[in-house]
Structure formats: C-alpha cells, structure tokens
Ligand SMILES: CC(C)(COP(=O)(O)OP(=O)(O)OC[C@H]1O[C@@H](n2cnc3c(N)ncnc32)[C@H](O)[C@@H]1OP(=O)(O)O)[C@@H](O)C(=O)NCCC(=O)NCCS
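Listed next as structure tokens is one chain, alone, in the form predicted alone.
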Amino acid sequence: MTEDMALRISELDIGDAAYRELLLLADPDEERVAHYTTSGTCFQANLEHTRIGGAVWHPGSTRTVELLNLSVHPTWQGQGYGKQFLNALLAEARARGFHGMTVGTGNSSLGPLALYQKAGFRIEGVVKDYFLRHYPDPIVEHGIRCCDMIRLHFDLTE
C-alpha cells in the first residue's frame, strides 16, 4: 500500500449488484444480505475510483451498532485495507454517538477473528450451532466446519 492510495469510505444507498457480490464474500446467504442491505446502513471503501470493500451496520440499540458485514475484495486483501476500513467504521460510529460496536463471525473465520481482536474487539459470547440452524448449505473455511457464531464487542467510549 502506498501513501497516494488512501482508502476512502462513504455511505451509500442500497448497493448495486457488484456491491452485493462484495458482501457475499463475507456472508454467502443472498437472502440475508438482501435483507440487511435494505434495513441497515451501507458503506463502501474506495481506492481512487475502485470500490474494494463493502460493509453494513444496523443500530442494535440507541447506543450500540452491530456490524453485519465487512468485506474486502480478494485482490486487495492482506494489504491492511480491511484494518483501515474497520478503523474508519469505528471512527464513524463514535462520531455518530454510538458507545459500542458488536459483530458476529464464524468460528472458522480465522482472518476476521484475528482482524477484530487486533482492532480491540473482545469476545463476549458464543452462539452455538448458529450457522447450522440458519444457513442451508455447510460453510467450510480453512478445513473447519463453521458451526458457531463468535460474538465480539468494541467499547467506543474508551
């Protein structure tokens, strides 16, 4: 990543097909993605004129926002853009007056689990068998069956 390739995030109305394809990288359920893009707040991450990432959040309460999806196109992964995107979303949530951000990810999602914990998220619980109950097709990452949702929280007041 070079200095002249600054990541910019912006809010957008319900995204186009290419935006939804980005979100499906993080959540393979098309119906679920379609639902939360219409009820949540959508963001995009851009380098120059290229959209490289998408995210959706939804207020969980008056003081907490839930990050429902965060994805970066595979071409741009592993270069620090996911971290920048997440940090920008945390700053935006703080600026909008939220006191915390929560996120749920799969037990097999090793990259996202590391990303969130390195950013300061703390594990607050496990929802056993979440992906077995809510997703019709098996999800396997890194040779691990995705069964449980790991819930994490970031305190925006610190």
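All of these numbers come straight from a predicted model, not from anything done at the bench. Start at 1 with the first residue shown and count on from there.
The same protein also exists as the form predicted in complex with the named molecule; that form is not shown, yet it is the one meant from here on.
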Task: Stretch in contact in the model of the complex with the named molecule, which is absent here, among 40-48, 91-99, 104-112, 58-66 (heavy atoms within 4.5 Å) - done: 104-112
Open item on the list: in the model of the complex, is there a heavy atom of the named molecule that lies within 4.5 Å of any heavy atom of K118, even though the partner is absent here?
Closed with: yes
- [ ] Consider V33 of the chain shown here, and say whether it contacts the named molecule in the model of the complex, taking contact as heavy atoms within 4.5 Å.
- [x] no
- [ ] Would you please decide whether L25 lies within 4.5 angstroms of the named molecule in the model of the complex, comparing each non-hydrogen atom pair?
- [x] yes
Open item on the list: If you apply a 4.5 angstroms heavy atom cut-off, which residues in 50-85 are near the named molecule in the model of the complex?
Closed with: L70, S71, V72, W76, Q77, G78, Q79, G80, Y81, G82, K83
